[in-house]
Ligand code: GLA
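Quick heads-up: it's one chain on its own, the form predicted alone, in structure tokens.
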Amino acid sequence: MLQTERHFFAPGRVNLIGDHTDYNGGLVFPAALNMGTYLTVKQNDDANLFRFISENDSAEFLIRKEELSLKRNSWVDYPLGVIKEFTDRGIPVSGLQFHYRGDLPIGAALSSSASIEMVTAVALNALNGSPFTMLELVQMAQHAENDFVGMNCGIMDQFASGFGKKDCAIALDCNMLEYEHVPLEMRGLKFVIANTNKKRGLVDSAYNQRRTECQQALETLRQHVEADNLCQYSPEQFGQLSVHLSGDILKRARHTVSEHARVKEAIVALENGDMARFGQLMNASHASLRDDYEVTCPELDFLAKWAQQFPGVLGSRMTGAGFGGCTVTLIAENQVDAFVGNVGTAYGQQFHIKADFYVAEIGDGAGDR
């Protein structure tokens, strides 16, 4: 039995480049943030009663053990899905209180949901003698979101939250689940995250539609050249095969293949310390997400365009699923304050919404705190 409180943390993430490649078997390049979800766990007196509290949401849940597998269509579904992953594997849970606190903006494409899943997973793992590896916890958290919550996400968010390393990005092959930590040698540069604060009401259905369109493209292309996923096609191969696609299906596949290639080049650029080239690739990524994948919105495009024209900025792009959420901008550190002030004012005048800005600090992955 858990005699005292235990404390855990799991970060959110910012994807520096490579969006909508993860579920197409491609490369992504996220980094864990020093913002995320904090969890305090302690034992209940009643072994059959579970309590879930969040300082970020007024909804509090008291749930009997026999009802843990029922969805509530609320934030609590994220930890409930993870608990189900443990019980399905024969790991007992009994009478716990979960107290969550987060400093990530909700719905901003910085993976607040994955951080809730991962902090729950590492906590339950630690309380049960750590029967699972971090990779298994990542896979369990992803499955919880896919199967229990009903969001058909890839593995990048949970992986970045679990495997983050301070001052490093993660070059992750989502097909093979192979990865390496790449040091971020910023040399007077900063990543600034700008939150549009636009409600992302249609993102789930649009996200699932994009996945379906990519699958349709793959089924057509593999009739001519066999592949397990879209990202196995090189840009040269795709250029030859693209005659078999048209309309939105062509555009979705073109983004996927080109974005995968951009991520590979971006990783090399960072390894070589070529931050100017990295910034150019960020700009090209945003253009592709805007024109071919069509997951940006006027607010994201405004912030990216203003940033790309601002002194000291090397590159700027949307990050995450899109239709709202955030941009990430690579900028000279001595221009950050002017950037936040000027771009924030212009954005507010244009959309009558206040943008929030965060200077991204890259932190470690999920674990005890």
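Note that this is a predicted model, so its numbers are computed, not measured. Note that residue numbering begins at 1 and tracks the sequence as displayed.
Below: the form predicted in complex with the ligand, not depicted.
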- Exactly one of Ala253, Leu221, Leu80, Ile155 comes within 4.5 Å of the ligand in the predicted bound form through a heavy atom, and that residue is Ile155
- Task: Specify the contacting stretch among 155-163, 271-279, 85-93, 224-232, defined as having any heavy atom within 4.5 Å of the ligand in the predicted bound form.
- Result: 155-163
- Query: Quick one: does Gly320 come within 4.5 Å of the ligand in the predicted bound form, counting heavy atoms only?
  - Reply: yes
- Query: Might Tyr23 be said to contact the ligand in the predicted bound form, defining contact as any heavy atom within 4.5 Å?
  - Reply: yes
- Wondering, does Gly18 line up within 4.5 Å of the ligand in the predicted bound form on heavy atoms? yes
- Query: At the 4.5 Å heavy atom threshold, is Phe132 in contact with the ligand in the predicted bound form?
  - Reply: no
- Taking heavy atoms and a 4.5 Å limit, what residues of 335-362 are near the ligand in the predicted bound form? none
